[in-house]
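Coming up is one lone chain in structure tokens, specifically the form predicted on its own.
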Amino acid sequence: MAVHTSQSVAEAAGDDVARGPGRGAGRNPDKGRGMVTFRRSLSTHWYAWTMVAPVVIVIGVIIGYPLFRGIYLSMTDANERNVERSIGVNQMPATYEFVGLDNYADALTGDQFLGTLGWTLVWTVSCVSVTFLLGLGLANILNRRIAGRSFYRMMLILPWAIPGFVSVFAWRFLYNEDRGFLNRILAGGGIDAVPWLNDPTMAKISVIAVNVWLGVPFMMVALLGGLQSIDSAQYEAAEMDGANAWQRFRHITLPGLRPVSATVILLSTIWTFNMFPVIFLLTRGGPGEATQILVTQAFKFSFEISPRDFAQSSTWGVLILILLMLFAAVYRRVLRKQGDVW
């Protein structure tokens, strides 16, 4: 033990001498340790790094170029009329100009962005919370030994197996005010037809219902896996101690599901915040702008209005990225304070 200690002291002293007087002063020791760890990992696992490098490079190009291009366009006044384009055999050069952060100032101080952000937050929180509660309830039911459990699991996973656009079109047919299946059922009971997609409030409820229907299978499967990883001996011991069902659920099930819940809530929040297909294919943001979320509005700037506003669309896209990064950072900080490592 003494030999190893003297060797460590000698190596540390040798490193200080090699750095020279004053060179190590004021440096961050954590940064130095991080570099040493990285170099050691690189030398030890060089084969793995070599295998991963091509994939990292390709993904970096595919994601990195559009990202930096979008950030650049968000600082210009680029639109359909001043970007580089071809008219017949003539090539028109780009004439848009750099405007700095003006687009961000306009977006953050305007009513449109803040109003759309408000509904996007309501949409995200509603979908994620309802999806989580339904998924948790179904997972608890299917974790018990009931007759036909395999059949129920298969049927509940079915919405996840069907392509999203097919499901949305099916729901659009169900919501049809004149010939929709839902209104025909209501008509059979003597109830007037409901304007599911033509009334702002009903349209919001309708898109949330469709997104919940699409998201419950993923949530249920993930939470069911978490439930099956909890040791059944804990439930048996708690039951022998006289704990009722609610106490077992509160003190065993919920803490046991915390790691899985943290991950699925984060993923579900990011997916729902950017859930373009449901809104676009079901209501196209209507009626009016009632169901428009940030990502569909950014799409509208680039592809639907005239002239197409590429700068504004890029600005909204960058703001969406910043909001999600802030949410992920705060969420991670909260989890770490609770003792969860993520």
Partner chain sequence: MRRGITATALVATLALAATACGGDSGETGGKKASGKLSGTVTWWDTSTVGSEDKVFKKLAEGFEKKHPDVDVKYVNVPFGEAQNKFKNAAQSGSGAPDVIRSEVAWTPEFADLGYLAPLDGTAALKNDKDFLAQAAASTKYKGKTYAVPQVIDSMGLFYNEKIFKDAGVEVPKTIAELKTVSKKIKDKTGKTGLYLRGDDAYWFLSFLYGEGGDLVDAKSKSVTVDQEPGVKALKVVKDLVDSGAAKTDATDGWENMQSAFKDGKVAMMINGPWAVADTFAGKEFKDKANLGITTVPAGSKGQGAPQGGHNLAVYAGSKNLEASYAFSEYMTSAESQALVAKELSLLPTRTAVYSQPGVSDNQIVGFFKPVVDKAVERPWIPETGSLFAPLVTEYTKVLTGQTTPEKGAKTTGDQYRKLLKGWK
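Bear in mind that the values here come from a model prediction, so they are computed numbers and not experimental data. Positions refer to the first chain, counted from 1. Rigid core: the largest C-alpha set superposing within 1.5 Å between the two forms.
From this point on, the text means the form predicted together with its partner chain, which you will not see here.
_Looking at 81-89, 238-246, 149-157, 128-136, which stretch has residues with any non-hydrogen atom within 4.5 Å of its partner chain in the model of the complex?_
Stretch with heavy atoms near the partner: 81-89.
*Looking in the model of the complex, is its partner chain within 4.5 Å of a heavy atom from each of P66, D102 and Q234?*
No, because P66, D102 and Q234 lack any heavy atom that approaches its partner chain to within 4.5 Å in the model of the complex.
*Have a look at L42, I59, V36, V52 for me and say which one sits with a heavy atom within 4.5 Å of its partner chain in the model of the complex.*
Result of the distance check: L42.
_I'd like to check something about D178: if you look in the model of the complex, is any of its heavy atoms closer than or equal to 4.5 Å to a heavy atom of its partner chain?_
So D178 counts as contacting its partner chain.
*Quick one: is L282 in contact with its partner chain in the model of the complex, heavy atoms, 4.5 Å cut-off?*
Result yes; L282 sits at the interface with its partner chain in the model of the complex.
_Test of understanding: in the model of the complex, would A290 fall inside 4.5 Å of its partner chain by heavy atoms?_
The answer is yes: A290 has a heavy atom within 4.5 Å of its partner chain.
*asked:* When the contact criterion is heavy atoms within 4.5 Å, does P200 count as touching its partner chain in the model of the complex?
replied: P200: yes, in contact with its partner chain in the model of the complex.
*Residue shift check between this form and the one not shown, rigid core fit, G88 Cα at least 2 Å*: Yes, the C-alpha position differs by at least 2 Å between this form and the one not shown.
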